[in-house]
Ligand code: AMP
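Shown next as structure tokens: one chain only, the form predicted alone.
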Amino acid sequence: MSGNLFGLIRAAAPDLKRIFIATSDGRAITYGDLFDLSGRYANVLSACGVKFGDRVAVQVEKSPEAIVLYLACLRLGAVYLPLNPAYTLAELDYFIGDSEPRVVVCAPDRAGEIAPLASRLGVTATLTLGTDGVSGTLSDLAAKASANFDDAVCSSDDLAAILYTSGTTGRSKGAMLSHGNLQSNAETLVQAWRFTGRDVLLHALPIFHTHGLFVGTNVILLVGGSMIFLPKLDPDQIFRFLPQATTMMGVPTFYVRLLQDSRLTREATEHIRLFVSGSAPLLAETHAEWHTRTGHAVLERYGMTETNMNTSNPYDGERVPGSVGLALPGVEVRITDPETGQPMPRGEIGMIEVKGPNVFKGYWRMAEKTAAEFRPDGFFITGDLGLIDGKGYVSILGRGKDLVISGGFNVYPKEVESEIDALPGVDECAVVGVPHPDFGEGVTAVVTLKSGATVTEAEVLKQLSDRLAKYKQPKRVIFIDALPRNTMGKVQKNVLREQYKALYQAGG
């Protein structure tokens, strides 16, 4: 029996007339359309020379056809490689050069600059794909191609996708995800979150990232459910389509933005059975306010590019604000000493390590880096700091590289951030360490305020003086209008460290 993920998707399909994706502009793709069009795309890619194991790099705007292209790659046994539409030509030079795809698919308006680059890097063909279902050379060729396609026979270990990490330290790494990785995680989430074919997911996430592409889409595909596809977070569109949905997945920014809207009420959300948040920490304050306004407890979970989902708050049971929940079935999570790698007892802070069928095969063409990130017993070192409490709930305290060592003491940014976030007038903050002549690193808080609030640095420091040990207290508190974030809403602390690196230098 083939381990091709597409076989499971086809087997789970309901009546082929059921709508798989409905768009905000009124288009609809049924499961019958999905299988027909993915076969046509697969034949086009095959005619362009794509064979089993070849990479197909895709930089297009969000559309149903982009999901069809992902499925076409599964059917071919090719490796789907989604790229952020915001990447510049210089960035694409690295990604295409590193992954050596057989074919590149891009937006029609970028073909003029991307095609010459791809050709120079040895790519066989550059195709284009628009967002309206008809524009682009891939659509033109697919209209003339056969819908019949013999799906590749794959093992569960064969590659299905490569997703490049954000590359905040060093060059981006390509995380290799197998058919088995994607299948196991999707099946686990279906059970953990009680998905059925009756579910309709309101999908406003990007699809070049694990959250929108694999967590949202694969879960729906494996139950034969439906999605309402929105190009991006737009509160007007969210409230327009909420009555037609049963579930919504988002990043914390989604929930913060919607809480600012008077249309968010219990009545507006009464038919939604599940709100999921991930990709960045959800503030406990946001969790509480959402529950007060809607009656729903947001389900927060924890995953990453290399592993898909590792933990989740329970569907039935306590969803703890500030926690990412319990290890998912089949996934092992432990805390280890960052220096020695020795397991640590519950309640102590250390490095989060995970093991399970969801964990990736390694980094593309980086054997040494891959070896360095795995323990001899198979656990993957996530780079995230956290703890596991007495009930087994996991809390994330930041990235290992975000740990601040000030005067020889370890300062966990999350602990300081939680105290500052709780102060009156504070909207959000990020704590980073920057070079300090006396302490090695100076604990530095970068803060945004709520609209109309006036808070001074002295006031913040005074309120923290009896709440945190002296070595944990910020040396400086800086106020800015907005924290820098990446496309998934994560605060870019590397940007803040670079921006304030001279803060404690003479004259800085």
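Quantities reported herein were computed from a predicted structural model and do not represent experimental measurements. All residue numbers are counted from 1 along the displayed sequence.
In what follows, reference is made to the form predicted together with the named molecule, a form of this protein that is not presented.
Next on the checklist: Please pick out the stretch from 366-374, 150-158, 114-122, 277-285 that is in contact with the named molecule in the predicted bound form, where contact means heavy atoms within 4.5 Å.
Outcome noted: In short, 277-285.
Checklist entry - Does residue 302 reach the named molecule in the predicted bound form if we count a contact as any heavy atom within 4.5 Å? => result Residue 302: yes, in contact with the named molecule in the predicted bound form.
Item to check | is_contact(residue 209, the named molecule) in the predicted bound form, heavy atom dist at most 4.5 Å | outcome: Flag for residue 209 set to yes.
Item to check | Interface membership of residue 396, the named molecule in the predicted bound form, 4.5 Å heavy atom rule | outcome: Judged by the heavy-atom cut-off of 4.5 Å, residue 396 is in contact with the named molecule in the predicted bound form.
Checklist entry - Closest heavy atom of residue 497 to the named molecule in the predicted bound form, within 4.5 Å or not? => result Heavy-atom contact with the named molecule at 4.5 Å: absent for residue 497.
Checklist entry - Considering 199, 306, 417, 353, which brings a non-hydrogen atom within 4.5 Å of the named molecule in the predicted bound form? => result Result of the distance check: 306.
Checklist entry - With the named molecule left out of view, which of 324, 205, 142, 431 would have a heavy atom within 4.5 Å of it in the predicted bound form? => result Comparing distances to the named molecule in the predicted bound form, the residue within 4.5 Å is 324.
Checklist entry - Listed by sequence position, which residues of 365-384 have a non-hydrogen atom within 4.5 angstroms of the named molecule in the predicted bound form? => result The stretch touches the partner through 384 alone.
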